[in-house]
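Both blocks below hold the same protein chain, though in two forms, and each is given as structure tokens: structure 1 and structure 2.
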Structure 1
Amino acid sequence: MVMEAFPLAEKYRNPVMILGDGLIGQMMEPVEFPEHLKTEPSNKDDWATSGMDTRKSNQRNLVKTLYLDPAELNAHNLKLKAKYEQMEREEMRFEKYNFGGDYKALIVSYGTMSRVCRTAIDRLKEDGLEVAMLRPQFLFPFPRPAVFDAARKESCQAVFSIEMSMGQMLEDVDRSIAGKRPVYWYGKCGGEVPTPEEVMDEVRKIVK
């Protein structure tokens, strides 16, 4: 993801924030690096301050955010809005888990927590309870249409936002589902990681 962040930042000329957590920060796992890490944005000449000598045109480039004229600033904000909308069209990223059958519940979970949920889903399956998970890989743009579609499946009775936070994602999940299904939250903070059993209990409390 870190490697994807750079081309995205250049494509949109927008900072990309990589969210981690304490566990990811302290974890060691093998990583494979692709051959070519370097990417050059195609339209760099239009904006990059790489020195006028590097450009064929006589244009000088300026990177700034200050617009003192309200009309100019409004136009700039519209430009930014269009950019965020383009991100929503082109950059939603998520993974589906156990979507095959007639799942009774949908878990939305990301990062370390989603691995725990995966184990919980596998065990619930052994007990005969089908639960699906949608794992957002990008929290912005949030995969709202995918969460909406997944939650609306006939068999799905409830949606769970399971997080290692006090519900920072809950609003996104809620907004995605727009009242079509009840949404529940479960989570822990401060370095405590909910166990698969806790996740299973939360689901069983609501879904029979």
Structure 2
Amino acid sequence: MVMEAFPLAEKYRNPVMILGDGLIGQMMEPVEFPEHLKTEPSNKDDWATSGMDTRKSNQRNLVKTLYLDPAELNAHNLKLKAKYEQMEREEMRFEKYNFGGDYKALIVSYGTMSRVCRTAIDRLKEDGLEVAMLRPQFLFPFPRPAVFDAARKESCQAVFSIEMSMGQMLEDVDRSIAGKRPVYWYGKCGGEVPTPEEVMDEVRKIVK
């Protein structure tokens, strides 16, 4: 994700924030640098405020958001709106897990909890209960269409937002479902990490 952040920030000239939880911050794992994510530095001459002499240009580059002229301000806001719409079209990232069969529940989870949920899903599968998971990789754009499509599968009875937080993603999941399925939240915060067994128990309370 960090490797993708820099090219995306330059592509859209927009800040990119990397979000993680405390447990990930204390982990140490092997790191891979996929070739397809290695990019060459982009040409910033069209917008960088590095000085005309540095760019060998006689054109000033101004970076500003204050437009006193109403028409200029309106045009700028429309430009920003078009940029965000482009992000939603081109940069929606998510991962599916155990989507092959007729799952009875859908879990939406991210970060460390998504790993815990994978184990819970595998164990539930051994017990004969099929559960799928959709893992958002970007907070924006949030994969609302993918969550909606996954939740409205005929066999799906309920959707669970499982987080290591106080339910900050629940609103996004609930909006994505648009009332098509009941949505439940489960999680902990402040040091305790829900176990696979606890996740399994929460699913079994609702789904038979």
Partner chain sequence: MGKTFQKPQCLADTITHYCPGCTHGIAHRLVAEVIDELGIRGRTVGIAPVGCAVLMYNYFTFDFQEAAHGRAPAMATGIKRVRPDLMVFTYQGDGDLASIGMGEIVHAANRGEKFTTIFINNAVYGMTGGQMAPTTMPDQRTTTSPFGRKTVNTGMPIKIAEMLATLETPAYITRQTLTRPKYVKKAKKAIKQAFTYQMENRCFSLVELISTCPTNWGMTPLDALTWAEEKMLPYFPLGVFKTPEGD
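Quick caveat: nothing in here was measured; it's all calculated off a predicted structure. Just so we're on the same page, residue numbers count up from 1 along structure 1's sequence. Between two forms, the rigid core is defined as the largest C-alpha subset superposing within 1.5 Å.
Structure 1, not structure 2, represents the form predicted together with the partner chain. In the core-superposed comparison between structure 1 and structure 2, the C-alpha atom of P70 has shifted by at least 2 angstroms.
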